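Shown next as structure tokens: one chain only, the form predicted on its own.
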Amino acid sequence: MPGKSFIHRIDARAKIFLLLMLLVFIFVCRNFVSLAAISLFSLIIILMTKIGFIKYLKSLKYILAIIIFTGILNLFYGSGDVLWQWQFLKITSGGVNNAIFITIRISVMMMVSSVLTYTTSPTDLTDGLEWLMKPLKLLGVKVHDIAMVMTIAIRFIPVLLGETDKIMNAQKSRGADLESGNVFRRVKALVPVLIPLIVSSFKRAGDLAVAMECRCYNGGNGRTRMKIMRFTFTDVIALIISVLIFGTVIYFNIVYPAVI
């Protein structure tokens, strides 16, 4: 999503590196104080993108079932006062803390991950990933090919979603019932959608391969870039702020007792 915010102006390589560090420190958090600090930092980043907080919340709907399942599962792990018990199943105060902690952790992780895809174009993302994976070339890994595959995958996600929507509407107009019945019936009803979607996906892949060959694409050997990436003062500021926040998280982990 185009924009001119501070986060948009950060170099793609710096954003990828800082996102990986942020995800690591989200999992390093061991108590609610450190988790609150990293969550507040993530919220500030999200608001600085000027995209809209509601859009980030909508990104959670794709993994809402996983979040709920993980939260319920963690209710039964932990020590402390027993709040509810049925045979061998019991919910303790520690289990409630674990469930809340894990739910917040996964939600923050998913929302802050959306910052990268919302503020970085696929081309910049490819160039950044390729630059960060350069050391793998020493091991004979084809870094450019990997980065290109990832970019194509990201690029075609909205295309396939749009194609799926069109096929589903076409099937509904022919009388197909895709929404009623139990889970097994709904899954069976999706077969007329999946088959043309798979056929269309292979056709698009073939067309893309032909288009790349017609343009004499031969991988990253001798390939130049129209846009040269350069680190700026904005990237340095983002790095310094992130280091301070990460240091704060480590300090809170040491000072306050762990929850999980």
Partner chain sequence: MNDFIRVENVYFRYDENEKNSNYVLDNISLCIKRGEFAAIVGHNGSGKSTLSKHFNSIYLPTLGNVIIDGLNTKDEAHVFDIRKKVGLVRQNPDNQIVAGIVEEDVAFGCENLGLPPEIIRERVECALKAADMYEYRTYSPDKLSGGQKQRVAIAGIIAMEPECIVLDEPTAMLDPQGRDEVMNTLLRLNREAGITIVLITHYMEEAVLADRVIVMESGKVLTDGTPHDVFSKVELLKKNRLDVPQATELVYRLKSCGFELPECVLNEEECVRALVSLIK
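C-alpha atoms forming the largest set that superposes within 1.5 Å between two forms make up the rigid core. Numbering follows the first chain given and starts at 1. Treat the numbers as computed from the prediction; the structure is a model and nothing was measured.
Keep in mind the form predicted together with the partner chain is missing from the figure; the text below concerns it.
Engineer: Is the gap between Lys61 and the partner chain in the predicted bound form 4.5 Å or less for some heavy atom pair?
Structural biologist: No - in the predicted bound form, heavy atoms of Lys61 and the partner chain never come within 4.5 Å of each other.
Engineer: Test of understanding: in the predicted bound form, would Thr151 fall inside 4.5 Å of the partner chain by heavy atoms?
Structural biologist: Yes, contact at 4.5 Å.
Engineer: Even though the partner isn't displayed, in the predicted bound form is Leu47 close enough to the partner chain, meaning a heavy atom within 4.5 Å?
Structural biologist: Outside the cut-off, so no.
Engineer: In the predicted bound form, does Met212 come within 4.5 Å of the partner chain, counting heavy atoms only?
Structural biologist: Yes.
Engineer: Tell me, please, which stretch of 151-159, 169-177, 99-107, 70-78 lies within 4.5 angstroms of the partner chain in the predicted bound form when heavy atoms are compared?
Structural biologist: Stretch with heavy atoms near the partner: 151-159.
Engineer: Which one, Phe32, Tyr217, Phe231, Phe53, lies within 4.5 Å of the partner chain in the predicted bound form by heavy atoms?
Structural biologist: Only one option qualifies, and that one is Tyr217.
Engineer: By the heavy atom within 4.5 Å rule, which residue out of Leu43, Leu194, Ala36, Leu208 makes contact with the partner chain in the predicted bound form?
Structural biologist: The residue in contact is Leu208.
Engineer: Using a 4.5 Å cut-off on any heavy atom, which residues of 119-150 would contact the partner chain in the predicted bound form?
Structural biologist: Heavy-atom contacts to the partner chain in the predicted bound form: Ser121, Thr123, Met148.
Engineer: Does Phe233 count as moved between the shown form and the other one, where moved means a C-alpha shift of 2 angstroms or more after fitting the rigid core?
Structural biologist: No: Phe233 shifts by under 2 Å between the shown form and the other one.
Engineer: So that I can tell if Lys61 moves, could you say whether its C-alpha shifts by at least 2 Å between the shown form and the other one after the core superposition?
Structural biologist: Stays below the 2 Å threshold, so no.
Engineer: Would you tell me if Met150 moves between the shown form and the other one by 2 Å or more at its C-alpha, with the rigid core held superposed?
Structural biologist: Shift at Met150: 2 Å or more after core fit.
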